[in-house]
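First come two forms of one protein chain, each written alone as structure tokens, so that there is a structure 1 and a structure 2.
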Structure 1
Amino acid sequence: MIRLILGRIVSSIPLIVGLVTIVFIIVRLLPGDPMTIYISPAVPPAVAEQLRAEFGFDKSIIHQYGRWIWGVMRGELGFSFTHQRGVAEVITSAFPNTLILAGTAILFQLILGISLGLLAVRFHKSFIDKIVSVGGLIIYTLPTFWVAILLLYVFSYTLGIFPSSQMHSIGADEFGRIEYLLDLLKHLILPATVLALPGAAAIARYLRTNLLDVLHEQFIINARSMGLSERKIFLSYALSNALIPTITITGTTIGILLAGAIVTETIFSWPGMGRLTVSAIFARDYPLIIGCTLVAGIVVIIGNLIADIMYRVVDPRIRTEGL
């Protein structure tokens, strides 16, 4: 397991460097620079050039990239123009909010996906099975923004059950601990559901297909011939084997959740990494854009690493395989 973790970390370094390099070059190739947004037309050209020189925008892309890499090696991600703070400080304040949203979405998609998958297998070839299969495919292909707007219209604007935006109600700081957590949960349900639905649909379809295949495997037939109860066969043998791909899907959906969070957090005004990235792009806050990209890449790699580890823990057959 230690070899696996170290191997993944080493192999991930070129991926992160390549990702950040590409994004760095793309944003620098855009015409103009962030100073054009913040410099008034009344500011003398000499002062404008001095500000550009202070932030290094008068240098070549290679020089700017080297300067940024040197800062990262010293633990500095740069200075955010829009927030007037260090990039690391800005990301640190937003990342926990995205972690709460993504963690809740993963929990939702596991509960909903596994439940629907088991329901489809229990009523195989019935109307319920068809609804899960066809409905899951439809939900998986729907655009995130469309689902978000639909849920907002139904549950927020029409029924008024859930809030439409933000993470807390106005004056939530004065609430008690229980009331504060309930208020957070009320704001959390809609955006977490939007993020969870595609993953839940994928898990339900994969689990249904894998479980139906496993139930016809030879070792299941042998277990029945040994007189084991159907409940024990299902829980101890069939379900444990069919859930292995679900672990892989859950790990790989972390990247999808981050991509979906950009849209979802913007629509629901959730103060997380997705909304922060969008605001940085519109404000052309180069250091913040690169910092968000770096963090997103690291999180995706960590998610895939967790999936690999869990895969080997659950499936003994590949624990001794090479890396």
Structure 2
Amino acid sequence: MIRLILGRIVSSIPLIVGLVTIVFIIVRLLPGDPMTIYISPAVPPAVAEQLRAEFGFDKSIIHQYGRWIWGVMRGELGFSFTHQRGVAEVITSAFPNTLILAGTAILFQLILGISLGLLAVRFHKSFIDKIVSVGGLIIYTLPTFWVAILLLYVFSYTLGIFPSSQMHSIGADEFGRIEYLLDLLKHLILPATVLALPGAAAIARYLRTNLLDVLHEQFIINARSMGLSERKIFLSYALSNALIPTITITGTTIGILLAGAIVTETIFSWPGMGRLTVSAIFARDYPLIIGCTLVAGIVVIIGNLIADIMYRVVDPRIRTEGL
């Protein structure tokens, strides 16, 4: 088992190296070198040359590439001039917020998806079943930002139940601990629901079809003939088999959500990675854009890794096949 996990980790290292290389190439697609952005035209050419030499831009491209890799490995991603702080520092302050949002979204997605899927199977071929399977497809395909706007209009502007933006209310620092958490939760519900909906729809649909398939398998009939209780058959035979795709879907969404839900975070002004990236693009803060892309890519690779490992741990059929 440990060998398997180690193997997966080792095999994702080339991906990360490739990602760093691609980002380097994208930066180099710009005319001139990255220093052109920082050096004002008023600076005398001699000083500009000196600055270039200081940052190593007079060296060969291979030398610069080596320097770039070395910098990334030590976590030196440059200086963000809109935030007047190091890029690494800006990202570390935004990342926990994304983590909170993504974690809640995944939780919502699992609860909603599994319960709807089970409901659909329990009332198979009924009205609820139809709603889950047709509504699931529709919700899965709806554009996220449109759903976000819809929910915002209904729940925030019309009904006034949830706040429309930010993570905390104004003056939240003075709240007690429980009040503070409740306030955070209130701000969390809308964006987390928006993020959770497509995943929940996918989980519900997969769970429904898989459960229906599994319930007709030979081993279920066998278990029934051996006199096991329906409850036990359902929980430990059927459900554990049908839940495997749920884990795969959750695994793939981990990466995407952690990388920062760009659109949702922008709509709800959630101070996470996604909104950071968008604001960096509008401010043309290139070091920050590069930093965000890099972090997002690495997070997705790690997310996929986790999904892959979980998948293998859960499903013995794949585990025995080896790497």
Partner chain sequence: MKVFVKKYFNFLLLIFGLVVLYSTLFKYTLIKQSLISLFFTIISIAISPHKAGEFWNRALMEYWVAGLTYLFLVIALLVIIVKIENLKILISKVFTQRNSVSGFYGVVSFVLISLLAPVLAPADPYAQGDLATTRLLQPFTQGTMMIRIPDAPPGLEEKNRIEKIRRTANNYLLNRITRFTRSDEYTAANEYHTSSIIFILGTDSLGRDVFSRIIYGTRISVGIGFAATIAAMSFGTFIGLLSGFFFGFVDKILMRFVDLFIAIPSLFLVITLVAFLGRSITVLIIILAAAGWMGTARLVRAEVLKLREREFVLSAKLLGVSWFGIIRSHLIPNVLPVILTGAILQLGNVILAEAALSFLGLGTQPPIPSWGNIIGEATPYLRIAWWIAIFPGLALSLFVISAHLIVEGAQEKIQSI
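So that the term is clear: the rigid core is the largest set of C-alpha atoms that superpose within 1.5 Å between two forms. Here, residue number means position along structure 1's sequence, counting from 1. As the structure is a computational prediction, the values presented were derived from the model and not from experiment.
- Of the two forms shown, the one predicted together with its partner chain is structure 2, not structure 1.
- In this overlay on the rigid core, V47 has a C-alpha that sits 2 Å or more away from its partner position between structure 1 and structure 2.
- In the core-superposed comparison between structure 1 and structure 2, Q64 has its Cα shifted by at least 2 Å.
- For V20, the Cα deviation between structure 1 and structure 2 after core superposition amounts to 4.1 Å.
- Shown is the Cα shift of S11 between structure 1 and structure 2 after rigid core superposition, which amounts to 2.6 Å.
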